[in-house]
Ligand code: NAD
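A single chain, nothing else alongside it, follows as structure tokens in the form predicted alone.
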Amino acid sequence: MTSTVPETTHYVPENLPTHLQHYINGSFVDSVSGKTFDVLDPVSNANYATAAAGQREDIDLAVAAAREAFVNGPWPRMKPRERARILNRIADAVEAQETRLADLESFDTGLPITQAKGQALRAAENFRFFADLIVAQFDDAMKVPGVQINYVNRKPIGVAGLITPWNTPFMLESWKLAPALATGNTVVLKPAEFTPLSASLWAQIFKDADLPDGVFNLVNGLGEEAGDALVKHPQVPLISFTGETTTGQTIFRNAATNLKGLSMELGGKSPCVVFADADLAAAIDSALFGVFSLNGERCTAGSRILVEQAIYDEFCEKYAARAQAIVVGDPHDPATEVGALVHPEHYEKVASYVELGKSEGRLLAGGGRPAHLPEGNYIAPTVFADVAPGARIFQEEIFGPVVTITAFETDAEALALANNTKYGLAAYIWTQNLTRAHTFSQNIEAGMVWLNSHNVRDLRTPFGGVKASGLGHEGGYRSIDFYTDQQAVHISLGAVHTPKFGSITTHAPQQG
């Protein structure tokens, strides 16, 4: 039975705002229409605030402010070192709010407080990383001795539209904000409507760091309203989106009219492949963390565990016992390992997959709401074994604390099972065989592979997926590439020998 934590009074952070506004051109404002939407916390599902519901006219105002700041403001024309100083001040301000941010993030998302506490430091590190990168940035120069010099000139593109998800929202917002701003663009951020609370901190952070007005703009709202208007706006040449695959397909279609640059990190159904020669204890630790941390609401979750038949029974027994012992409870309790899912709509989706799974696999742990938590969006860590590759719980992204386990006999079968979904975001491989590890990683259809490791991110590496998991990559220099135009400049060093079209000498009559 899933472990419990002692009954506690539901924690509510101090000075919680009751209304969240947009931030446009350096000022907090409501929607032009006056429309709002309710924001609730996932433990009580009670509305704790309203938020301004952005419409097309609010996006128009935000884009106009961002465009003015780009065309006539100082930000795109600052030297990299000047922008880097401001980015580092932003990082300092984020770190200074670590405790406050963790409280707000845990309250708004249902994320356990112990897992929310690292988000501010990770967000700050994103700004420090890109502050360093733009100062160190250099571009290609090519020379044909005595004839020509060619060099690449990077320029910010314009207004970047950033659309972010509700899982670890503040940190994921920093993934987009830091490189977009570092490269001299201005931005309009549309945070997820389920979790607008921590995004509201950015405005004051940027103002205190002396970011010029209009460079950062925030419009709250629903995806089909504010998000749709941002994607379709003709003066927004870039869209960076993280979210669900079908939403990404809609964005792709809507962005086509204006041929926008797109970076999309979409859904996942990532395999965790455990071979018989693996360090079993380490593999179990990682496979548990990979799907049950962040309440299972993570795009890179290793939610399909593939286990070699020789160790299958042992793995299932040990894995299920650990899953049953995971502590489910109030997100603010330090003992909690799995908190509340973000929203009742999402809870219903995950709960429906749990019920479906009972007919598609053998239930080893969990299977529904923990008995000691009758209210809130809680689902016990759920483990299904003997799941066939055609099952919906094997194929479809659940985005919750639910995992499938499937056996394989050979390396070829393991690879076929790993690649047998429309997704291709991440993969985790556990083996002591070096040749197998590298060969398998080369052939697996995934944008990112971790060998004998859980999900540890190096900010210099590309982040993104293949197939239905994404379009393009960000991270390190890939982010610099996405948020800048690369202009080739060619300079002749000597006499220019160009064919003289139209010259009388080229049309002299032929003799003879």
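One rule holds for the numbers: they count along the sequence shown, beginning at 1. Not measured: the values here are computed from a predicted model.
Beyond what is shown, the protein has a form predicted in complex with ligand NAD; the following relates to that form.
*asked:* Only one of Leu266, Ala160, Val307, Ala340 gets a heavy atom within 4.5 Å of ligand NAD in the predicted complex. Which one?
replied: Comparing distances to ligand NAD in the predicted complex, the residue within 4.5 Å is Leu266.
*Tell me, which of Leu101, Val354, Ala192, Ile113 has a heavy atom within 4.5 angstroms of ligand NAD in the predicted complex?*
Among Leu101, Val354, Ala192, Ile113, a heavy atom within 4.5 Å of ligand NAD in the predicted complex occurs only for Ala192.
*asked:* in the predicted complex, does Leu238 come within 4.5 Å of ligand NAD, counting heavy atoms only?
replied: No, Leu238 sits far enough from ligand NAD in the predicted complex that none of its heavy atoms falls within 4.5 Å.
*Even though ligand NAD is not shown here, does Gly223 get within 4.5 Å of it in the predicted complex, heavy atoms only?*
Yes.
_Given that ligand NAD is not shown alongside this chain, does Phe70 nevertheless sit within 4.5 Å of it in the predicted complex, heavy atom to heavy atom?_
Output for Phe70 is no: heavy atoms all beyond 4.5 Å of ligand NAD.
*asked:* Can you tell me if Glu396 lies within 4.5 angstroms of ligand NAD in the predicted complex, counting non-hydrogen atoms only?
replied: The answer is no: Glu396 has no heavy atom within 4.5 Å of ligand NAD.
*Please name which of the stretches 411-419, 202-210, 134-142, 258-266 has residues with heavy atoms lying within 4.5 Å of ligand NAD in the predicted complex.*
Only one stretch qualifies here: 258-266.
*asked:* For the stretch 279-311, I need every residue with any heavy atom inside 4.5 Å of ligand NAD in the predicted complex, listed N to C.
replied: Stretch hits: a single one, Cys299.
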